[in-house]
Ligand SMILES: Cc1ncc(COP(=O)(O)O)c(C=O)c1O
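To begin, one chain is listed below as structure tokens, in the form predicted on its own.
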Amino acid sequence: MNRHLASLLPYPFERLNALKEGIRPTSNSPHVSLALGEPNHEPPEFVIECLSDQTVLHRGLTTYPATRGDITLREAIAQWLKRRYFIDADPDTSILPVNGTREGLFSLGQAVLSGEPNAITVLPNPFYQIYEGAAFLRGTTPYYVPATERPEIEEIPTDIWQRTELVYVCSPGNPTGYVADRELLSFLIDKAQQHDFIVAADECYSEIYLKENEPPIGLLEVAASMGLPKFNRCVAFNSLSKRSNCPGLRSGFVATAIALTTGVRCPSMCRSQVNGHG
């Protein structure tokens, strides 16, 4: 057994369910759930049509999906990244479908963290628990950055940066809603180049924002603008779960050129496969 299993903390939603057990509301006001956070809106109609297409279903259900995903899917992801972030991501070398970003975010940690006792994984606080789980199960020490408003990345001392191997950043952030600006992401990318660690951007909420003409900026977009067209030491995750109200499809992707620039074993990090028709 992995000796680090004992370091894992109870899943927060199970703890929340236990705390709420037997409690009855004293108000008739609408309930605001702080639980798992499933979408409350309908998925796009064309997704339902696609999943109802007998030809598509037969083609998808009778074959094992390739780890790299279908080239049509990877090209569609690359085209979306071009429209959304104005970046050129090679569908053959920079994009990998994943079976939901939860698994990808975890697997990344297992691939790039060394397991050395002094290694550090930086993560925001509050945070998605999979970041912490990835750090613990690889034997690294989590370093929690206060992120109730703007993440206090600039306050991390030099001795921590020197031991850092992986940084998780979530923008737009859950549960606080903060959005990382260009200055913050640029600072983080500079530190990654200086101290040779990986930045993993969880951007699953990238399409949920208030001002239609002001979409949140992305990690790879900032990296490209800094003269890093191969997105050196930067990895971005996105999925259909929140943005398209399709968490049941477990369809997401990771975009990077990390394997070409740092020698990290990136291709082996996400053996999970995209569901048939994400």
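Residue positions are given as counts along the sequence shown, with the first one as 1. For clarity, every value in this text was computed on a predicted model and none was experimentally measured.
The same protein has a further form, the form predicted together with the ligand, not shown here; the description that follows concerns it.
- Residue heavy atoms within 4.5 Å of the ligand in the predicted bound form occur in exactly one stretch of 217-225, 22-30, 51-59, 233-241, and that stretch is 233-241.
- Taking the partner from elsewhere, residue 168 is found to have every heavy atom lying beyond 4.5 Å of the ligand in the predicted bound form.
- The closest non-hydrogen atom of residue 131 lies within 4.5 Å of the ligand in the predicted bound form.
- Using a 4.5 angstroms limit between non-hydrogen atoms, residue 174 touches the ligand in the predicted bound form.
- Taking the partner from the other structure, the ligand in the predicted bound form has a heavy atom within 4.5 Å of a heavy atom of residue 204.
- Contact annotation: of the candidates 102, 138, 163, 191, the single residue with a non-hydrogen atom within 4.5 angstroms of the ligand in the predicted bound form is 102.
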